[in-house]
Every structure is written in structure tokens, then in C-alpha cells.
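One chain follows as C-alpha cells, the form predicted alone.
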Amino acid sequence: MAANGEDVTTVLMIGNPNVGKSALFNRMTGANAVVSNYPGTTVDFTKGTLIEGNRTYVIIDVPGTYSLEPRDAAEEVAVRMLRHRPDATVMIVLDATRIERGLYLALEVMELGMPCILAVNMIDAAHEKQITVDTAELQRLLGVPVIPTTAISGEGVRSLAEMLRKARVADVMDISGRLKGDPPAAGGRACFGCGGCGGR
């Protein structure tokens, strides 16, 4: 809790390289970002602040990684940042033109039991390639908020900021059941009031 009574939440932005994560970070934090070296390494990470309502979010742009099984120094830092901040919220950024690639990492992160929210970024590029991403269905399957964004234009960024407070811990067993077509658990709910699911 901040001294002025505001809630302060750490948000780790994680995703594959080249998913527009840094552009999204800049849109959300403005010009108040600080670049630092992760202790004991030469790997940089960027930290900034977002104030949304009565909440303050310290957003950290984690180095890009393809999985939680690191293959280089940057990926090792990404994994360490996740492991050392188990109370953080994780914003998983996916490339809308390559959803499958990003989902592998997303599911690995969800297995850690941290509150998650997904930003499906580069929606404009997907439209140009005539790729349709059903973010409402993705939200239903994963059980966490899923927000379509285009960092370059700012599309969806305000919605993403507003939905940070609704980040949820995913139930990996439930996800597995939904992917198999099992009926939803009693009281199961995948609507977070974002308006993107059409009331599903």
C-alpha cells in the first residue's frame, strides 16, 4: 500500500520477442520509464508507472522469451523476474498474427498460479492478413481477461489498463477440460465485464 493510501500492484509484461510489448509498455506508462540492468547481468529491463483510478501499477517490461525454459541470458532474466515476484500480476502479450506461438508461453505462465491478463496485440496486422482472432472465445477457454490491442495506434490500450484490476489466476485443469469440450464447472464464469464476450 502506498503512503497516500493508493493500492500499488506490480505488473510483469511478458511475451515472445517482437510482439509489440515495448510499444504497449510505452503507451501505458508514457515518458516516465526507467531502464535498468537486472542485478548481476548485462540484461536491460524497463520499469514505468501507470495510474488507473485509485490504483498505481508499477509495470515492468520483462525481456522477451519463448518459454520458461531459458536458452540465453535474456530468457534467464525473464524467468527469474517471474520467480522472484510471485505476488505480481502478469500481463501476457501475444502477437495476434501468431497466436499459437504465444499460447505456449501463456500456459506456462498460468501454471505458476499468478493473476494473469492477456493482451492480444497487433490486431491491425492480423486484420491486414485477414486473420480473425476470437478474443471472446479465447477468454472463455482460458478463464482470464483477454483484450485486443494495437499498441501503435493505441487501440484497446485504455481497456487493457482498466481491466488490469480484473486479472485472474487461471485454473489449468479447467482450461484442459474446456479444450476437451467438457461442460463448465458449476458456477464457472469467464465474463469479466469488459464487454468483449457478448455475455457468453
Partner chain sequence: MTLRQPEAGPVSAAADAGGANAMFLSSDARWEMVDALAARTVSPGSYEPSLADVVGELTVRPLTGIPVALAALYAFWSIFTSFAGTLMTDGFMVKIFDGYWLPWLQSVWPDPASWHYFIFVGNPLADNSLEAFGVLTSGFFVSIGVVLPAVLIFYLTMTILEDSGYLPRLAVLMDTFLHKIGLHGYAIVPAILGLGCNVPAVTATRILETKKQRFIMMTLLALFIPCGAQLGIMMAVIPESVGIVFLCLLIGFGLFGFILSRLIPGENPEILVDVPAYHWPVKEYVAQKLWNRTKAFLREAIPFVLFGILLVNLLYLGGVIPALADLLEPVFVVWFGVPKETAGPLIAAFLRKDLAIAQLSNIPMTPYQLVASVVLVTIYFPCVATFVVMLREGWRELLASIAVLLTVVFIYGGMIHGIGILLGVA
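Residue numbers count along the first chain shown, from 1. Values in this document were obtained by computation on a predicted structure and should not be read as measured data.
Another form, the form predicted together with the partner chain, is not on view; read the next lines as being about it.
Practice item. Give a yes/no on whether residue 10 approaches the partner chain to within 4.5 Å in the predicted complex, heavy atoms considered. Key: No, no contact at 4.5 Å.
Exercise for review: Could you confirm whether residue 77 comes within 4.5 Å of the partner chain in the predicted complex, counting heavy atoms only?
Suggested key: Judged by the heavy-atom cut-off of 4.5 Å, residue 77 is in contact with the partner chain in the predicted complex.
Practice item. Check whether residue 66 has any heavy atom within 4.5 Å of a heavy atom of the partner chain in the predicted complex, and answer yes or no. Key: So residue 66 counts as contacting the partner chain.
**Study point:** residue 52, heavy atom within 4.5 angstroms of the partner chain in the predicted complex
**Key:** Close contact is absent here: in the predicted complex, residue 52 is far from the partner chain, nothing within 4.5 Å, heavy atoms only.
Review point. Can you name the residues of 82-118 that have a heavy atom within 4.5 Å of the partner chain in the predicted complex?
Key: In sequence order, 83, 86, 98, 99, 100, 101, 103, 104, 107, 108, 111, 112, 113 come within 4.5 Å of the partner.
Check your understanding: If the CA atoms of residue 43 and residue 151 move by 3 Å or more in the predicted complex, do they move toward each other or away, so closer or farther than here?
Key -> They are closer; the C-alpha distance drops by 3 Å or more in the predicted complex.
Check your understanding: Do the C-alpha atoms of residue 39 and residue 107 sit closer or farther apart in the predicted complex than they do here, given a shift of 3 Å or more?
Key -> So the answer is closer.
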